[in-house]
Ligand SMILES: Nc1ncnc2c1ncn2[C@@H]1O[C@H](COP(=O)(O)OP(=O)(O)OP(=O)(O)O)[C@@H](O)[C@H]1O
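Here we start with a single chain on its own, the form predicted on its own, put down as structure tokens.
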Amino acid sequence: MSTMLEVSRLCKFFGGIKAINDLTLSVQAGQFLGIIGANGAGKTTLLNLVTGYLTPTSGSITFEGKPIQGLPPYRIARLGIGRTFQITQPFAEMSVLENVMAGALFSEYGRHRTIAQAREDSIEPLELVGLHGQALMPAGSLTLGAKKKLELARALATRPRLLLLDEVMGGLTHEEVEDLMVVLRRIHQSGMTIVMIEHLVHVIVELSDYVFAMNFGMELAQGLPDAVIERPEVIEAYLGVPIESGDA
């Protein structure tokens, strides 16, 4: 596999707070990479740096061989990086289809597309996430689970080659989580490279083929999912207490 995204010695400081501290990370084309860490580990800050919502203090970010650190979000999106956000914010009075069309028209390809072509381009993303049957519903009337799917579809409509997911399972019921896992498997199997931030460790283990664990803005561990989550330092970071051998 070739390297799609390369983060090298990345730092982001907010005053004296080191939100990201000398972080290096690679994402391979076709990979499903899971990023885990306790609250405040720097996971969302990392995604915001990659997608241009924050500017690094130092370090470099390269996408498909081109430096992207410091570029505005719209430029990065048009280069082929799509993302979702923790809090869904659909255009509530627009239909589900129209929301996805907005993503299609925003993309690099969308600048040369008609409204009719954008509508056509929105069909496949809606089918991938399982919202095709709700295409004409107002987006504001959807359940949270369906809004999460809409967020995915809108990102997919920008035709990304790399998809970044920020807590896409947050707030969902067990049934909605299981349903969305099926959707994400389908998206990955379509050829999409995915980086996913998630607190639900079982989701990361089941979906990811590689896991990167963070703590205090730095790398804690990386490797195959089962191996990473079984490491004492990863368990300690999540539980907040030392793991002593022999303890009951």
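One rule holds for the numbers: they count along the sequence shown, beginning at 1. On a predicted model such as this, the values are computed, not experimentally measured, just so you know.
This protein has a second form, the form predicted in complex with the ligand, left out of what is shown; the following refers to that one.
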Is the gap between R185 and the ligand in the predicted complex 4.5 Å or less for some heavy atom pair? no
How about T45 - does it come within 4.5 Å of the ligand in the predicted complex, if we only consider non-hydrogen atoms? yes
Considering non-hydrogen atoms and a 4.5 Å limit, does the ligand approach L224 in the predicted complex? no
How about A41: is it within 4.5 Å of the ligand in the predicted complex, going by heavy atoms? yes
Which of 204-212, 175-183, 66-74, 32-40 has heavy atoms within 4.5 Å of the ligand in the predicted complex? 32-40
Exactly one of I229, A19, A237, L25 comes within 4.5 Å of the ligand in the predicted complex through a heavy atom, and that residue is A19
Interface check vs the ligand in the predicted complex: of S95, S141, Q117, Q86, the one with a heavy atom inside 4.5 Å is Q86
Within 4.5 Å of the ligand in the predicted complex, which residues of 155-181 have a heavy atom? Give them in sequence order, or say none. E167
